[in-house]
Structures are given as C-alpha cells and as structure tokens.
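Here we start with a single chain on its own, the form predicted on its own, put down as structure tokens.
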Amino acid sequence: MLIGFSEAETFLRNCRDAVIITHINPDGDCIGAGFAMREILSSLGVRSKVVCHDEFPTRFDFITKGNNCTEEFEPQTIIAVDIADEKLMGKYQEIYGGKVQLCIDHHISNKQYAQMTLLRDDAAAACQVIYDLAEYMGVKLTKQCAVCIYTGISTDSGCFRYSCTTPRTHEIAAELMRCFDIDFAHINRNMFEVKSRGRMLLESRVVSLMECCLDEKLTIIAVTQEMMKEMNVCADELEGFAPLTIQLETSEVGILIREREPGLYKCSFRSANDVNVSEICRTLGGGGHAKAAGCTVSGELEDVKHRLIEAVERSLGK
C-alpha cells in the first residue's frame, strides 16, 4: 500500500525495536538512508539497528563505524530503505521476506512488497525522502544524521550532476551545509575522487577492453573475478565504474557487467539521453530508474552479453 508522510509518521512514532534493512552491494544512498533513519528513530526513543547482506565498504566508516546498535534484541519492526525489490535484501530476504512493514524508497520500479510503501520517485535519493519525512515530522536532525543524508543525496545524484537532481535536491544540500557545517568537500572527494592504485589500474584495463555495439550506441565493460584478483581490487571499489560506460560520445546505453560469482553477473545499466533502462532491466528481472538501473543475469559471460545486447537492441528499435 502506498502511503504519505502522515501515515509514515504515525507508524514511526508508534514502533519499537526496529531492524533497518539496506540492499546488497551497499552504496552511499542506502547506507546514508539506513543510518539516518537510525538517528531519527533514536531521537524518538526507538532502539534500532542497520543490517546488510554485505559488509559496509570501509570508505563509509565515517557513517557506520561506532554508530550501529550492538545490543541483541528481537525486532518488532521491520523497515527497508532504498530497496525496490525484496530479493535485493540478500540473505535477509529469508529472514524478513514478506514481513517488511515500511519501505522508504525512490525507485519507480518498487514492487510494493512492504505493508506500507513511502515512495517518492521524483526524489534524487532515498535520503532526500527521509529528509522531507523528518522535516514533516518536526524531528530535529543531529549533525551525524545530516552527514548521512548529504552523503546519500550526493552519491545518488552523481555529486548533483545527474538528471534526477532537482531544485529541491540543491535546497536540502544547502540547508544541511548551512545548519551543520558539513565538510562536504571531504565527503565528495572520498566518494568521487579517491581511488586505490589497483582500482586505477583496473579502470585503465577495462576501458581498453571496452566493447562497442549497435553502431556504437551501446557500450559494455565487463569485470571478471580474475581481473579483480589480479589487480587486488575488492567489489566495493567498483562503485563509480558504471558511468564510464556512457562517456563515449556516441553511447546511448552503457552496461557494466560484474562477475559476482562464477556464472552470475550483476549488470548495471546507464542511459546517456532518452533510453529508459529501467524498462530494459525489467525485461531481465531487474529494475531501477529511467537513467540508472540494474539486473542480475546467470550464464557464461559471452551468452550474458548476447542477452543484454538483444534487450537493448529491442529497446532502441522501438
């Protein structure tokens, strides 16, 4: 059931002992949203903890380290943030599948699996939805909460470069900077500029192996586990690779294919202009935004590429 801020406020003010679920391959928005929600619940006197199928990348230590609940408790409330589909919970789908009471999200492809869904698909990030909800509720933000929200908005908007960025996105960022003296330059440098030597070597290699298809309208970059091992790069360092696929001037669609495990590939789509990649991904069992979406495909790498190329070709032919 889709709900508004009023119903979400009533639920949050009456909940207790909450677990906040973030999605697999955690990024700045889901991490920021999860820990911002924990701060908000804490201000309401509600005990909560943030969980994720994967480890939180170390570059988000300024958000996660020492800021999660270490107490053991039996959750009475199940909340999901920035999760459009239950399967993106990973191992937590087995535990909490069908039990999520509130989902806060901004993906138009949200499957409305929760009992209540606060969905704002015009928001640049789930953190933007959480900021507006906190403002509606009259909750006074802590500086740590402000840092979480700013990080989520900045990362999901590509440091305010992507088309999902709205005047409201800038207004919220400005308000957070004005009221909390956030070190935004430090956050953005660590999110967008700082890279390990292995990451830079891998980036150079995959660009040299970039494949162009469909009259150079489709660009594909594939990263295998063997390549990551050779360069001593871990999975969380691949965040930010997907935009490389649409830097080629002729590209309409770009795909980053990452081998999660043998025979299983995470495919991140990007749209340079008007192609709705969320619709393409939906045909492959995934979803997301019009300009940034994803899916998981199994099989041999060359077969996976063939399926993806066919799906994009059908979309371009419409």
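Throughout, we count residues from 1 along the sequence that is shown. What you see is a predicted model, and the numbers here were worked out from it, not measured in a lab.
Missing here is the form predicted in complex with a further copy of the same chain; even so, the following discussion is about that form.
- Remark: none of the three candidate residues (Ile63, Ile95 and Cys145) comes within 4.5 Å of a further copy of the same chain in the predicted complex, counting heavy atoms only.
- In summary, among the residues Glu71, Asp215, Glu74, Glu193, the only one with a non-hydrogen atom within 4.5 Å of a further copy of the same chain in the predicted complex is Glu193.
- Contact check for Thr165: a heavy atom falls within 4.5 Å of a further copy of the same chain in the predicted complex.
- Contact annotation: Ser251 falls within 4.5 Å of a further copy of the same chain in the predicted complex, judged by heavy atom distances.
- Contact annotation: Phe184 falls within 4.5 Å of a further copy of the same chain in the predicted complex, judged by heavy atom distances.
- a further copy of the same chain is not drawn, but in the predicted complex it has a heavy atom within 4.5 Å of Arg178.
- Only one of 128-136, 202-210, 107-115, 86-94 lies within 4.5 Å of a further copy of the same chain in the predicted complex by heavy atoms, and it is 202-210.
- In the predicted complex, Tyr150, Cys159, Phe160, Arg161 are the residues of 134-161 with at least one heavy atom within 4.5 Å of a further copy of the same chain, listed from first to last.
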